[in-house]
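Next up: a single chain in structure tokens, the form predicted on its own.
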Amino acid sequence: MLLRPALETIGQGEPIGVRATHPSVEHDLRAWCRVMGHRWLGLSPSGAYLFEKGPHAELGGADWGVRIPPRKDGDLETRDWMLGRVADIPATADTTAGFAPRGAVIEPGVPPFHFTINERDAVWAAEVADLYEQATASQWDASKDIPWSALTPLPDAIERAICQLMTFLAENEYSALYVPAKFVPQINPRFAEVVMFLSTQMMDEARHIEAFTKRALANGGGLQYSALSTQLSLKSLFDQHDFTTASFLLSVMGEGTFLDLLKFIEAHAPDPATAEICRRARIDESRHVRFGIAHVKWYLTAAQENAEKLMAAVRQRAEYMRSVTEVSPRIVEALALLAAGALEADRLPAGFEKVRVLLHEMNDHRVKRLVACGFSGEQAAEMSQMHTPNFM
């Protein structure tokens, strides 16, 4: 407190001395000089602690006087913190900022943190703070918020179809959990909103895995079969090493298609628990899809040639999946049986027709999402046709 006004009277590089009797002052003052960017000189012959005034511009002053404008409802949302230094989102993040919050003044000498994703355009989305806010407000409990007590015995064929679909949904959600999880430690904390949103996405997927698995086990059935085609598809997602490519393939292409699948199962669910699980999961997945679209839109706006990079990734994945030409028969049959409502010869054709309509809608909706990202109609149609038959 005494030094601050004294320093204001001298210029950069000029010495200043401090006389003190307490033995802790030397340690404290040396550390303070390091934080403030002054050069420590040591003890003078007269017994004063000396240092030279450093260039304050190296650190700059911390924000002060920042006040988030109040909302009428009294809430304080994440996007509201975009004030002062916090609002400065660097195009390329400093790896020596460590885990300091964006906007904090950082003492020099911080060791480099080996984050590998340091470019804003590689992860950012304009509405990511809003999506995080929605995610935190929409968390639900798979133990208490599903009407488990309303489950009653179903015909074996219908229950088996539900269990097969729950198995399929759960294994795909494992992929949707692990893919963002592998990127979170790579993202520089300067882009904290993205990390925070991905954390909610991981929590969503964990809850979906829980709910789908519980439903398979809760009504006299059990987990059913995992197809080779499904595991091939999911491995092709997990093996992606670029965040944008992984987010595009997972959220825009895959989870977007799952919105239609979940809506279909919800509409034809034979019990309220299955319908409620799919309804709640669909709401969660729609946020993940919105983030994927927003990020890809940002990415394509940053450099239009990036469109060809993502198209190349779709082609490469299609080549990897070339041995798979159709959806697993177990899944198609389970969906058709669910839509038919009974394992009866005269009702099954209508069930299969509804599945055919579903696949057509999935394609149409993929094209619309891709156009929303910034792809041309021709590009969108080409990529949609190449999308894995596994849906995800």
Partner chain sequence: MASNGLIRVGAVAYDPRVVPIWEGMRDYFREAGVPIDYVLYSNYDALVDALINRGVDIGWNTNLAYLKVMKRTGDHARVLAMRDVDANFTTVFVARTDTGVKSLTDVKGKRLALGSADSGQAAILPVHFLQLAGVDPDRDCTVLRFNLDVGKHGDTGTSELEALRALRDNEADVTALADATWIRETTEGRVDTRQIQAFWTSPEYCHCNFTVLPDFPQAKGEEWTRALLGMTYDNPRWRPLMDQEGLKAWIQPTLEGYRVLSEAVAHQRLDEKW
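What you are looking at is a predicted structure, and each value in this text was computed from that prediction instead of being measured. Between two forms, the rigid core is the largest collection of C-alphas that superpose within 1.5 Å. Numbering follows the first chain given and starts at 1.
The discussion below concerns the form predicted together with its partner chain, not included here.
- Shown alone, this chain has one stretch from 87-95, 285-293, 138-146, 101-109 that lies within 4.5 Å of its partner chain in the predicted complex by heavy atoms: 101-109.
- Proximity of R19 to its partner chain in the predicted complex: non-hydrogen atoms within 4.5 Å are absent; the residue sits far from the partner.
- None of the heavy atoms of V367 is located within 4.5 Å of its partner chain in the predicted complex.
- Taking the partner from elsewhere, L358 is found to have every heavy atom lying beyond 4.5 Å of its partner chain in the predicted complex.
- Shown alone here, A31 lies within 4.5 Å of its partner chain in the predicted complex, counting heavy atoms only.
- Residue M36 is the only one of M362, V324, A336, M36 with a heavy atom lying within 4.5 Å of its partner chain in the predicted complex.
- Residues of 243-282 placing a heavy atom within 4.5 Å of its partner chain in the predicted complex: none.
- Superposed on the core, the two forms barely differ at G377: its CA moves less than 2 Å between this form and the one not shown.
- A shift of at least 3 angstroms brings the Cα atoms of D94 and Q12 nearer to each other in the predicted complex than in the displayed structure.
- Relative to what is shown, E26 and I106 are farther apart in the predicted complex; their C-alpha atoms differ in spacing by at least 3 Å.
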